[in-house]
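Shown below, as structure tokens, is a lone chain in the form predicted alone; questions about how it binds or moves come after it.
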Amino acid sequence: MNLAVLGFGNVARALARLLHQQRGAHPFRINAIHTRHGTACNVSGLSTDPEFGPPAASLEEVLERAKAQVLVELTTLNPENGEPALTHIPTALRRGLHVVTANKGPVACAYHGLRDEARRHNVRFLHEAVTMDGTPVYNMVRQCLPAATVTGFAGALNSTTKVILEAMARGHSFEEGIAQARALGVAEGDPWFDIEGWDSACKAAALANVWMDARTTPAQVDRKGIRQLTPEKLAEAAAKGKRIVLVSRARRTAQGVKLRVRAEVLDRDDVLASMHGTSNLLVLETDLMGQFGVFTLNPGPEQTAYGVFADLMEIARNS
């Protein structure tokens, strides 16, 4: 199966290595990689460290040169409007290509339109890796909860804020906490969308759109980040046996699905306070199964790449 990949950051590189390792059993082939800075293309398949030439003039050119059957969209998150992925994905769907993405923006900003576009063209739009790296949360609900309805969820889903808040709880400054998150590789050079709650809002909107038919966007999430917190506030909470965690919540009400992101003061034995460092936790509420949760321990790009790989495997099984 021929793939065209957009973006070549840590996740795309991990995916290239994973596909190379699995090439005997699962013959996916990356024929093109396109970034803002250059394009690599070879219809016989690219190496894990390809040589890039000048950037192609358009996505259509990349897809045509690659003879692609699947677009793997791994560009950088834009939490406000989902671009450029929201232009890339419909372009591929209209050409009859399946699309897999690890980018939260499209699912958080325009899930239903993309899903319907894929259905019109009899292709798949899959996104397992957008919320909890490779943890199969979307596949779990789709495949393992027959007849059940998700009525709400709560999650500690942002690694950067966990690292920052834990650092401040040990007496470090906000800036020192950011530096520690950068050293772990979980924070960008400008981590504003983690600190201001945008990343958590994107994840909440994506989950609610897919599971609860929310038809919302990150901008509609009741959002407040962690900028107002200080080491003193963290120490005060700790002295009372509490822990402060940035939590994404959703609940179904008579007025529709309500979403919010807040730094919450939790009891230390609250399950949402149990994750540390880069580990993440999500608790679902359902009508038939009740409450249950999933977690991921210290994930990295390899786990996110596996989520993309799992989607590719689903496409291959059903093609």
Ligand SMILES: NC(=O)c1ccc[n+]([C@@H]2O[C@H](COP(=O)([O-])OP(=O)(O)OC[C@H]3O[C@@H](n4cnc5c(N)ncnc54)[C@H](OP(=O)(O)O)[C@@H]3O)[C@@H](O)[C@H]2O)c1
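The first residue of the shown sequence is 1; numbering continues from there. Worth saying up front: this structure is predicted, and the values here are computed from it rather than measured.
The discussion below concerns the form predicted together with this ligand, not included here.
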> Is it true that A206, R251 and L282 each have at least one non-hydrogen atom within 4.5 Å of this ligand in the model of the complex?
Replying inline: no
> Heavy atom within 4.5 Å of this ligand in the model of the complex: which of N81, T76, N139, S173?
Replying inline: T76
> What stretch, of 234 to 242, 209 to 217, 82 to 90, 149 to 157, brings heavy atoms to within 4.5 Å of this ligand in the model of the complex?
Replying inline: 82 to 90
> Heavy atom to heavy atom, is A12 within 4.5 Å of this ligand in the model of the complex?
Replying inline: yes
> Would H98 show up as a contact with this ligand in the model of the complex if we use heavy atoms at 4.5 Å?
Replying inline: no
>> Taking this ligand as it sits in the model of the complex, is V221 in contact with it (heavy atom to heavy atom, 4.5 Å or less)?
In response: no
> Is A129 a contact residue for this ligand in the model of the complex, using a 4.5 Å heavy atom cut-off?
Replying inline: yes
> Going through 79 to 105 from first to last, which residues have a non-hydrogen atom within 4.5 Å of this ligand in the model of the complex?
Replying inline: P84, H88, A102, N103, K104
